[in-house]
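Next comes just one chain, in structure tokens: the form predicted on its own.
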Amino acid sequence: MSDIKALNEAVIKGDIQTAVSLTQNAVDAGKKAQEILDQGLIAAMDKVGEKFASGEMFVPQMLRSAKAMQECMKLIKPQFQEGDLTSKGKVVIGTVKGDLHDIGKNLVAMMMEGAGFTITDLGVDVSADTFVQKAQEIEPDILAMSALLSTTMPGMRETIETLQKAGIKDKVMVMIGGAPVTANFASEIKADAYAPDAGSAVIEAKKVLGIT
């Protein structure tokens, strides 16, 4: 079995140690970083997303796979020159104001990074103004918001309204998710996409950006 194939399987299994040593082997053997990333890491995380969506894999396993992918990324990142790493798109992500939950948001950020997106994570308790300020500064393709409490969901509406006031709502795709959030609420507040979980967040992100 090739190193890349074995790496792919180690990441899917969430075997961090094996994944890291296989990445190191591939780097030492002169494999191109982009190939390690695309065929080893991103392909593995795509599979993890599928397994999660179909109920074959659960959050703890998914987190281990994402952690394995991140550790491997640390080894190959230095190989990429600035601008050399082809990103699928830029994503600004955060949990809305008044909400301190971050497990779901972290999972979405990890899965999206695993799928090849560049992530800027604003953390928790993020105000509408901060989201908009970051969107103006970074010009992301997607602005992703999470809420775990129904009482903080209005923060999503407020952020979209603030984006409209700033005149940049049509320049960024807004994606929302979190336990109390529904597809109906998403269309009501004019969000562009809704994702019930981390696996579907990646699928939705690719869909709204027209990436296959």
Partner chain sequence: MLIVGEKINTSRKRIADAVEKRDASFIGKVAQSQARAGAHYIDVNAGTFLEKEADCLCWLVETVQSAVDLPLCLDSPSPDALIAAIKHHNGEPMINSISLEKYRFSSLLPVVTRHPCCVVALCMAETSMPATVEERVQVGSDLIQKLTGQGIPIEKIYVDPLVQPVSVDIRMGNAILEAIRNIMNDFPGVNTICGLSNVSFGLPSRRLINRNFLALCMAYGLSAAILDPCDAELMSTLLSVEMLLGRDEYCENFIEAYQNGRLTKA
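Model, not experiment: these values are computed from the prediction. Residue numbers count along the first chain shown, from 1.
We do not show the form predicted together with its partner chain, though everything after this point is about it.
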Of the candidate stretches 37 to 45, 153 to 161, 22 to 30, 169 to 177, the one with residues having heavy atoms within 4.5 Å of its partner chain in the predicted bound form is 153 to 161
Taking heavy atoms only, is H101 within 4.5 angstroms of its partner chain in the predicted bound form?
-> yes
Is L107 a contact residue for its partner chain in the predicted bound form, using a 4.5 Å heavy atom cut-off?
-> yes
In the predicted bound form, does L63 have a heavy atom within 4.5 Å of its partner chain?
-> yes
Do A183 and its partner chain share at least one heavy atom pair within 4.5 Å in the predicted bound form?
-> no
Scan 28 to 60 and write down, in order along the chain, each residue with a heavy atom lying within 4.5 Å of its partner chain in the predicted bound form.
-> F58, V59, P60
